[in-house]
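Included below are structure tokens for two forms of one protein chain, each presented in isolation as structure 1 and structure 2.
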Structure 1
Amino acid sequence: MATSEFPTQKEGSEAFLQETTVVVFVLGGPGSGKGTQCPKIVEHFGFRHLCAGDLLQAEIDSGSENGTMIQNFKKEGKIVPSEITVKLLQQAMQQSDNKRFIIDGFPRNEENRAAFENIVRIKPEFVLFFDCPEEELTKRILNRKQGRVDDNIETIGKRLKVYFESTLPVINYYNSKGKVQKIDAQRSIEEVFEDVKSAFAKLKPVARVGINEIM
């Protein structure tokens, strides 16, 4: 904040964006159905879907200077340093006219969570948590067969370990704040989406619009 009594125009618009932007984090183990359910949420509720894993993959594909490093983290099922992921998310949010976001697969650890809160300065409206047993997760990933570098039994074990050790504590943190909507993700895609719809129906129907729409 500036030292003067009134915010500058930039500070004013940043504050406005923070107030009008809606963020929902979508978390759950590898293969729990985040990427399957998010497009349905987009279609039904008009959110913008940002998948942190896909943004990182786009960095790898673009041959950026961080690409090789990100690829190695992914192969090992490790969490990419927060500053990289948060920057990619922040850029995507700034470039989007739609200011209602579902952020898929992030934050994956406490460091991610703190970095997002400190840099983007937006707290999630709620956290959608796809709860699914380990055996089902492994089965789904092995059946996926889309050529992902991390969809092999060795990396799946590492991804699950990271999920239980680092991501579950983040979910527990938000649960302690009363922000988690837990969904039994072991059922069919349609049954899961019925519960997803109920979770979003609880969102306050405030007219939240992007900054470009009112300027």
Structure 2
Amino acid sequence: MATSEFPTQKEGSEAFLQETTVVVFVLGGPGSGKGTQCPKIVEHFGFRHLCAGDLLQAEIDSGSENGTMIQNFKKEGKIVPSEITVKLLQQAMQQSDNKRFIIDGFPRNEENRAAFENIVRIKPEFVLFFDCPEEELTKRILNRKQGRVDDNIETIGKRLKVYFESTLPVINYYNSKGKVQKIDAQRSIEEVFEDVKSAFAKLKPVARVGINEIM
């Protein structure tokens, strides 16, 4: 049977991909500087930048059945199920030649975290946490000139409430595992990136193993 002809090879290949894939979660409140620092990480360290929000929007724009379902969730103000988001991330990772990823703004909550570990079966090397007080985050969001309709005091307050209630427990979970690299995000872009570079410098080099060696 075609589906089970090479089970050992398939399992070995999946194990190989899990072993050689490097994942770093990038977390922090809205306005903490993730969007500024991620392109610098890509340029300096050669990681592939994945953003769950961008992948969801791309799926909507594709006009697929999945995209329509995602759009309906958003229209109704509902959170897209973790399984859908995780599978889009997994697909992007599988299709990439680069096996070093920074995943921006994910996991947003404990359900996201559990779904990623259960489906993708890869644990992050570490979590890059841009730590910034609520007052500073509010000030930054109000000052940025992006013209976003949700950049007003009321909606900013709601977004920050969701972040502190849902995402901080994820950060605390990984901190209990010794996997959080905490960055003081109140400083200048250059000062923050110096600390980011120190965090990434601790990563072990990726082993380059030929696919034939795992069969």
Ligand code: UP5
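We call the rigid core whatever largest set of C-alpha positions still superposes within 1.5 Å between the two forms. Note that this is a predicted model, so its numbers are computed, not measured. Numbering runs along the sequence of structure 1, starting at 1.
- Of the two forms shown, structure 1 is the one predicted in complex with the named molecule, while structure 2 is not.
- A movement of the C-alpha atom of residue 126 falling short of 2 angstroms is seen between the two structures when the two forms are aligned on their rigid core.
- After superposition on the rigid core, the Cα atom of residue 70 is displaced by 2 Å or more between the two structures.
- Shown in the overlay between the two structures, fitted on the rigid core, is a CA shift at residue 80 of 2 Å or greater.
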